[in-house]
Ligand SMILES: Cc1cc2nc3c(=O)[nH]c(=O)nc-3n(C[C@H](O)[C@H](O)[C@H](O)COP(=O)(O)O)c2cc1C
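The chain below stands alone and is given in structure tokens; this is the form predicted on its own.
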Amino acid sequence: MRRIITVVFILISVVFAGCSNTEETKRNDTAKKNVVIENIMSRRSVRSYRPDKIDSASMHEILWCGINAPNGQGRESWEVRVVNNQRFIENIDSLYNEYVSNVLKLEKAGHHVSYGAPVIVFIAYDTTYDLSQVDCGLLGENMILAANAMGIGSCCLGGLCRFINSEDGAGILQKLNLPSTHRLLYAIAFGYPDQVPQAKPRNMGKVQFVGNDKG
């Protein structure tokens, strides 16, 4: 009789241990989901940075996360150029200022297109592949979210690449040394935030379920 009671006790312990492990796994999975969602929802476009440099290991991790983004047919159709030379960035700011003032005729003297960020990453798409721009978008989002998780801010710079793709920015484009098959799509400024931007409202009205089965 004592042996039967012992066996039953062991079986009950195993069952409870299994349930406990299952519950712990569920809690861990929920925590992981919450961390990912919190990272996405806390990301902001930062337009003012501290002068602190981003160390090489952190920047490589951000870039590694980027190139591990989904990409069509495994082509990795992007080209990425990283500029962390302060003199080069200052030159970009200066030339962009001249373009804004003299060509666009806008009053933005002294405007830093880099927002003072210590790193600018340029992303170019493959003009021979019609879905390359999608790949580049996924690449950039991975980098932005990875950076945010590391306490590093970012801001997408579309106007800068419009300038560099023009005749006025040809000198900068040449220094980026892109293949003839590729064209600049956008850039991302990275740096440690010197501000905490507030979230802007989003319009869920632009999201529609088509053919949704409500039954």
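Don't overthink the numbering: it's just position in the shown sequence, from 1. The structure displayed is predicted, hence computed values, not measured ones.
Not on display, but discussed next: the form predicted in complex with the ligand.
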| item | value |
| --- | --- |
| is_contact(Ser45, the ligand) in the predicted bound form, heavy atom dist at most 4.5 Å | yes |
| Contact of Tyr115 with the ligand in the predicted bound form (heavy atom, 4.5 Å) | yes |
| Partner proximity in the predicted bound form: Leu157 to the ligand, non-hydrogen atom cutoff 4.5 Å | yes |
| Contact of Arg202 with the ligand in the predicted bound form (heavy atom, 4.5 Å) | yes |
| Contact stretch among 50 to 58, 169 to 177, 148 to 156, 63 to 71 - heavy atom within 4.5 Å of the ligand in the predicted bound form | 148 to 156 |
